[in-house]
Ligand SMILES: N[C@@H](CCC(=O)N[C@@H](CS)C(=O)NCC(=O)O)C(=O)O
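The data below hold one chain only, encoded as structure tokens and taken in the form predicted alone.
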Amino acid sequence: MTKLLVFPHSHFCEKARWALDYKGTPYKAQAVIPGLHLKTIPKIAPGSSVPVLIHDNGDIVQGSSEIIDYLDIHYPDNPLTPSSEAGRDACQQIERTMDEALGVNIRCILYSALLNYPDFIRQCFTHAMPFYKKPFFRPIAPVLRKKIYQVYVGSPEKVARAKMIFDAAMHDMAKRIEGKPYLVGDSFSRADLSAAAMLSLLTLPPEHPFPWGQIPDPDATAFCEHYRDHPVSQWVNRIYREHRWPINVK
């Protein structure tokens, strides 16, 4: 069985998971233990990041964009990358921009608030993990919290910059989608999938496979609520309703 190594709540992992589901490719999503993944993942792939696709034919692909590339080559049905050179270039440019301006910055913003809630963070990382693995998370949680803050948050000043960049990106994307159902051309593509996955942490669409429940922090809730009626948030929710195919539960 093909495996996808993930952090269950990660929007970058959701991007890869959505691509697999959209392609109808059988796989099993496997949550990895954070912190310990710094040793286990490099034994499989070049770096320590997830997602990592371990195909049942032995191929190993690391990174959400790289996984989409791989799937479009090996599973050409339901293509996510346009066939034209102009369409491919446009999709990949938007994808890179949205991964950085939206995905990286919303991660910074939300972690800055939610790291103060250890039970919520534990749920994020250990959801769907076998019960016998979950106890490994508790003793590393304090060290992990510090490491996440250092790597993804950094400082209040960095969070403030992230909010400015994020808001500008939302404004830019609103202009991109004005009067259009999709970001590139007239059909759903990897550009739409990537942007919607990056913003799934903002809108928490019900089609998302992670059971978010109630966000515990008032600042994080207020941040998301600020964008609730934003045209991009409405677009994200529509993309999820119309294109997030049935979730793989194997």
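So that there is no doubt, residue numbering starts at 1 and follows the sequence shown. What you are looking at is a predicted structure, and each value in this text was computed from that prediction instead of being measured.
FYI, the form predicted together with the named molecule isn't displayed, but the following is about it.
In plain terms, the part of the chain that comes close to the named molecule in the model of the complex, with a heavy atom within 4.5 Å, is 41-49 out of 221-229, 182-190, 204-212, 41-49. The three marked residues, 10, 37 and 64, each reach the named molecule in the model of the complex, with a heavy atom inside 4.5 Å. Although the partner is absent here, residue 75 is not a contact residue: none of its heavy atoms lies within 4.5 angstroms of the named molecule in the model of the complex.
Contact annotation: residue 152 falls within 4.5 Å of the named molecule in the model of the complex, judged by heavy atom distances. Residue 107 is the only one in 100-117 with at least one heavy atom within 4.5 Å of the named molecule in the model of the complex.
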